[in-house]
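Only one chain comes next, encoded as C-alpha cells, the form predicted alone.
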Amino acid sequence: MANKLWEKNVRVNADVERYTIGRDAEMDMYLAPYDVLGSMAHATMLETIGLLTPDDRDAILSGLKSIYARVQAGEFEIEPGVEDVHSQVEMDLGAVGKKLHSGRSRNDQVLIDLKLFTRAKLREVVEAVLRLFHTLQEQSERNKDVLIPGYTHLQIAMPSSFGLWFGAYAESLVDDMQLLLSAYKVANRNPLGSAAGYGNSFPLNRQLTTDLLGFDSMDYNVVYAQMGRGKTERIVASAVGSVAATVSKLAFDACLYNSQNFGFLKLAPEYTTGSSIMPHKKNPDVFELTRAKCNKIQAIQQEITLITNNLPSGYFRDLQIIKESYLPMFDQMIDVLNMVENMISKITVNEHVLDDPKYAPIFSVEEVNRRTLAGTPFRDAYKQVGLEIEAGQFEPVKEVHHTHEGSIGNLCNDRIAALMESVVAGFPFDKVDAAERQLLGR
C-alpha cells in the first residue's frame, strides 16, 4: 500500500484509513482535470519566483499535459492505496513531482479544484437552462392563442393560456439564471496560495495564478479563502436548487394537466410508461421522477448548511463529506433539464379545453369588466354577474381582450428573451476559455 503524503514513521490503523478516506477516491475523479489545471498554474508561478528551474517547470508541465490527456480520454485512475487525486497526480509526475507542492497545502489544492470544477459545471447548467428556456418560449409563441382556465385555490378562476403557462416558466428561469450568475461570481475567485489557511513564507505570486486560470479575482484574505469552503458550495447549491424548484413545479403542472380529469395536454407516448395490470395506462413517470429528483437537489443546500453551520474558522475534515452530495449534483441537474426540455418540445396541447361548459364561470370577470367599461360602477357590475351565476343565467362571452404587458394578448416574450440574454452576457466564459487554452498550449 502506498505511503500517504503526510505519513512519517507510523502506519495509520486500517479501519481509521477506511473510515476517513470514505468515498474520496470516487469523488476525486470529478476533480481530476481541475487538479491538473491548478497544478499547471502553480508550477508556472513557482518558476517565476525561483522555486522551480525552467527545466523542472517544463518537465512538470509536460507531465501534467499528459495526465490531462489521459483524464480526458478516460484513462486516468486513482490506484488502490493512493489516498486522493492530488497524491495520484504527484506520483504520476515521478521524481520531479516532489517539487510541485512547494507553497501550497492540500487545503488550497482541493479549494482550487472545487472552484474550477464548479465554474465548469455551472456553465453546463447554464447551457442546459438556456435550451429549456428557448423551448418554453417557442411553445409559448406557438400556443399563445390557446386558452385554458387559470386557478386560485385549485378553483377555476380566470382565463389563462398556454402562451402564459409556458412563458411563465421561461421567465422563472431568467431569475434562476441571475442566481446562477451570482453563484458563478462567488466561485470564480482564486484561493490558491492560501495554503492551509494562513498563507506561506514563500514569495508566492497569487495574481499570476489568478490570471493564468482566468479568475475574476482572488480570494484575498487567506483565512477567508479557507472559510469559503462549504460556503461556496452552499451558495452554488442554492442557485442550482432554484432551477430545480422551477422545474419541479413545471413537472407537477404537467402531471396534473396530462391527467384525464384535466386533459389540457398530452405527453408524447415515448415519454410515458405503462402498467403491469391496466392496459390503458400511460403514466407520466418521467415527470414524477423529475419532481423527486428536483426536490432532492433542493435539499443539498440544507445538507451543506447542517454540515458547516457549527464549524469555526479553519479546516475540518467534516468538509470532505460535502463532496458526496455536491459533486454529483450538477450532472443530476443537467440530466433533468435535458429530459424536461425533450419532453416539453414534444407536448401536444388541447386547443378545445374551454369548450367544456364547466369552465364558463371563468369569463365572469371579463363580463364584469365589460359592464364597467360601459359605465356601470364596478361593485354593481360585480353583484349583477354574481347573481346571474347563482341563478344559472350567466351566458359567457368566450373572448378575451387583454393588452397590457405580460397578459394573454401581450406576452412580452421578446422582452423576456432580452432579459435572459443580458444575464447570460455576464458570464465570462470567453475569458475562462482563453486562459485554459493558453495554459494547455492549445
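Quick note: we count residues from 1 along the sequence shown, nothing fancier. Everything numeric in this text was worked out from a predicted model, so none of it was measured.
Omitted from view is the form predicted in complex with a small molecule, to which the following refers.
**OP:** Verify the contact flag for S345: yes if a non-hydrogen atom of it lies within 4.5 Å of a non-hydrogen atom of the small molecule in the predicted complex, no if not.
**Re:** The answer is no: S345 has no heavy atom within 4.5 Å of the small molecule.
Subject >> R317, heavy atom within 4.5 angstroms of the small molecule in the predicted complex >> reply: Yes.
Original post:
Is R206 one of the residues lying within 4.5 Å of the small molecule in the predicted complex, judged by heavy atom distances?
Top reply: No, no contact at 4.5 Å.
Original post:
Any chance V110 has a heavy atom within 4.5 Å of the small molecule in the predicted complex?
Top reply: V110: contacts the small molecule in the predicted complex.
Subject >> the small molecule in the predicted complex reached by all of R131, K249 and D335, non-hydrogen atom within 4.5 Å >> reply: Heavy-atom distance to the small molecule in the predicted complex: none of the three under 4.5 Å.
Original post:
Can you pick the one in D219, D84, E171, E90 that has a heavy atom within 4.5 Å of the small molecule in the predicted complex?
Top reply: Checking each option against the small molecule in the predicted complex, the one that comes within 4.5 Å is D84.
Subject >> Listed residue that, although the small molecule is not shown, lies within 4.5 Å of it in the predicted complex (heavy atoms), from R106, R371, K282, K296 >> reply: After the contact test, the surviving option is R106.
Original post:
In terms of non-hydrogen atoms within 4.5 angstroms, which of the given stretches 175 to 183, 317 to 325, 147 to 155, 237 to 245 touches the small molecule in the predicted complex?
Top reply: Among the candidates, contact is made by 317 to 325.
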